[in-house]
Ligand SMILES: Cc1cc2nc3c(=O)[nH]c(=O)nc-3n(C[C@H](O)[C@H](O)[C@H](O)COP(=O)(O)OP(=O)(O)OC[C@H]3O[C@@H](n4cnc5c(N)ncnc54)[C@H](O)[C@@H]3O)c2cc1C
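Taking the form predicted alone, here's one chain by itself in structure tokens.
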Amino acid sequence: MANLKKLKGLKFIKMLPDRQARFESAKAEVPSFSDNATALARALHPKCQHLKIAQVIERGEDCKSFVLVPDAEKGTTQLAYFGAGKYLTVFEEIEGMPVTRAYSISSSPKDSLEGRYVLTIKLVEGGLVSRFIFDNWTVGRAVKASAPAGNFEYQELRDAKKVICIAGGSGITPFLSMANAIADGDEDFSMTLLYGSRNYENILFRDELAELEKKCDKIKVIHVLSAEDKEIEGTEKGFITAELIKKYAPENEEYSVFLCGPQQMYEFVDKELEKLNLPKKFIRHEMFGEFHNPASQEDYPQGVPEKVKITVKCQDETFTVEGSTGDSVVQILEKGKIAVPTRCRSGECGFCHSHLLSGKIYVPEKLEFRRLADYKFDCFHPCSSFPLTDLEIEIPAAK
């Protein structure tokens, strides 16, 4: 290896004119790559996917499944493949306000190779985007979405071969995808699904789950009903407790626990899981999605004002918006018609990674995914952060 101290800086300086001439004479275009690795990367991780709605399936008064297929006219000819448990982020504009929402894919990974995704969406009371989707997503409508993303998928090196899956309400969607993948032979683990619903009649995908259970002996489904009066064979009553998990967990054998459901379910089940003393790596959470009511958290500070102002710097522009401290920073910006590059909306993916120039924020403990370097350089995730004071922030441009 050459002695760096003997290198002459002047020799490098003399090279600069020649290098500059090469840059100026080169074509101003992005080079194209045709190697297999690049083609595969683009197929699996497109910057965006242009889709259209091929079918709408009613699943009760407040839930619908949307079958999405490629929109070849807009440039998407095939869908990106995905691992069971991943989500799509959809991009919409509501009365001039850019918004994003992440929804778990409920269909089998195999279906993507045949040109279809299925998103199953529950209408949220007072929900802005879910209400818009229910009113506007009809057959033929164009939908812009991200590539499949997320970390809520079975990983052989980390997870046990037997998995207790705990779902609540529409949190069944990633587990339906996993169950299909197991039945198709694309995943190799045993699933015991504890699925919490209010009553038997309102169980989402009840028939589909029963068919999968018959089709594959690696899938076992137990419905846990919190408000059912009748005794129904093969179901449990009440809530998903540590005692119930232990009842269906394998004895003297390692097992993982996967959870997906509403915020209240996480808060309850997490306390129950503490009683089981499982290794931390064996407890997996799907992203929370939109977090609401930060003031309900025990560590939320006192004396926070109802309204704050946020000064936003984005490239060469500066904006100022006002919003409620009950909203996340992203929600405030979106209501001010400022586009933010978001995907998961729960602090997990880091896509909205921004700088906090001044002011104070609150991040719920379960949404705290920042690294040590983020604290050092005052970086934060606007989607999972709530303002406590007036803020000055710098955000990346939305693409």
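Each residue number is its position in the shown sequence, starting from 1. Values in this document were obtained by computation on a predicted structure and should not be read as measured data.
Absent from the display: the form predicted in complex with the named molecule. The rest refers to it.
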property	result
The single option of 323, 289, 109, 168 touching the named molecule in the predicted complex, heavy atom within 4.5 Å	289
Answer option from 101, 284, 223, 218, heavy atom within 4.5 Å of the named molecule in the predicted complex	101
Three-residue site 49, 57 and 143 fully in contact with the named molecule in the predicted complex at 4.5 Å by heavy atom	no
Partner proximity in the predicted complex: residue 130 to the named molecule, non-hydrogen atom cutoff 4.5 Å	yes
Distance check, residue 120 to the named molecule in the predicted complex, heavy atom within 4.5 Å	yes
Partner proximity in the predicted complex: residue 185 to the named molecule, non-hydrogen atom cutoff 4.5 Å	no
Distance check, residue 304 to the named molecule in the predicted complex, heavy atom within 4.5 Å	no
Which of 101-109, 185-193, 315-323, 267-275 lines the interface with the named molecule in the predicted complex (heavy atom within 4.5 Å)	101-109
Interface residues of 57-80 toward the named molecule, as seen in the predicted complex [heavy atoms, 4.5 Å]	none
